[in-house]
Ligand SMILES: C[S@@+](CC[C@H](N)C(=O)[O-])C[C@H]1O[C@@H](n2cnc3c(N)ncnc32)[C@H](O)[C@@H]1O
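In structure tokens, the next block holds one chain alone, the form predicted alone.
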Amino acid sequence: MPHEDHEKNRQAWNEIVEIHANHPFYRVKEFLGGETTLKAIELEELGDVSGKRLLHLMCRFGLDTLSWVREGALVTGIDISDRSIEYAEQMKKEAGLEAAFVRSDIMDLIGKIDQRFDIVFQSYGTHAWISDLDQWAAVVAHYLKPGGIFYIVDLHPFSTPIEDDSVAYFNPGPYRYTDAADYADKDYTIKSEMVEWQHTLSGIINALINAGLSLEMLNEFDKCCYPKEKDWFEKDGFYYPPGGPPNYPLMFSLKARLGG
């Protein structure tokens, strides 16, 4: 059952949250020193968020969530991992910022928050953990105000089957992994089983359309939000394979409006 698989992922995220919080990839020290953890793509494409209510889905331990607070938004962060939410509350206190954090599986979120938002935001390494795109899109639509914006920037779903022979673009899975290397600390082997799903780009878009949203923007990028291998190099906050930008997309961004 999908929710049983989500529970396995919750345990995995609980296992590695402390590793991530102490790993230089996440730049916690820089964040607490006043820097943003948001990247240029989402800052430029989402634009001014001052005074807007923003719901951050799958927020991990809240660095991007709190960075949106620094941009002037009124923010609520959601994550399935209870340990991640504990760290988010700690980050909030240490940074002296105000935000609400709620521990919830995204599939069970409806009814746990009693408000609507101007923006629902989701980013970087998230859609592969969603077992049911229709339920996910229903959650997005439920929490948007009429005319509200959903924005996602994430790994391009086409990149995974190119880089991993065990994954097929049109086979949703689930795909189960044990003893996988952590994406931040590649020397750490994750003990918990992790479960991912493979979505097509059209599947993501159509789920949102079927939930009542209208697509306003779709962009694709030949750069990545993290180094997929140890030999990938960083430039301007993004990562590339040794030969430079590949001839296939590594990320995408999408903006859609409810009732547009």
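So that there is no doubt, residue numbering starts at 1 and follows the sequence shown. Source: prediction; values computed, not measured.
Unshown form predicted in complex with the ligand; subsequent notes refer to it.
Enquirer: Choose one stretch from 101-109, 157-165, 173-181, 86-94: the one whose residues place a heavy atom within 4.5 angstroms of the ligand in the predicted complex.
Expert: Selected stretch: 101-109.
Enquirer: With a 4.5 Å heavy atom cut-off, would you call E196 a contact of the ligand in the predicted complex?
Expert: E196: no contact with the ligand in the predicted complex.
Enquirer: Within 4.5 Å, heavy atoms only: does Y151 come near the ligand in the predicted complex?
Expert: No, Y151 sits far enough from the ligand in the predicted complex that none of its heavy atoms falls within 4.5 Å.
Enquirer: So, I119 and the ligand: in the predicted complex, are they within 4.5 Å at any heavy atom pair?
Expert: Answer no; every heavy atom of I119 is more than 4.5 Å from the ligand in the predicted complex.
Enquirer: Look up in the predicted complex whether M58 has a non-hydrogen atom within 4.5 angstroms of the ligand, and give yes or no.
Expert: Yes, M58 is a contact residue.
Enquirer: Using the arrangement in the predicted complex, list in sequence order the residues of 54-88 with any heavy atom within 4.5 angstroms of the ligand.
Expert: M58, R60, D64, I78, D79, I80, S81, S84, in sequence order.
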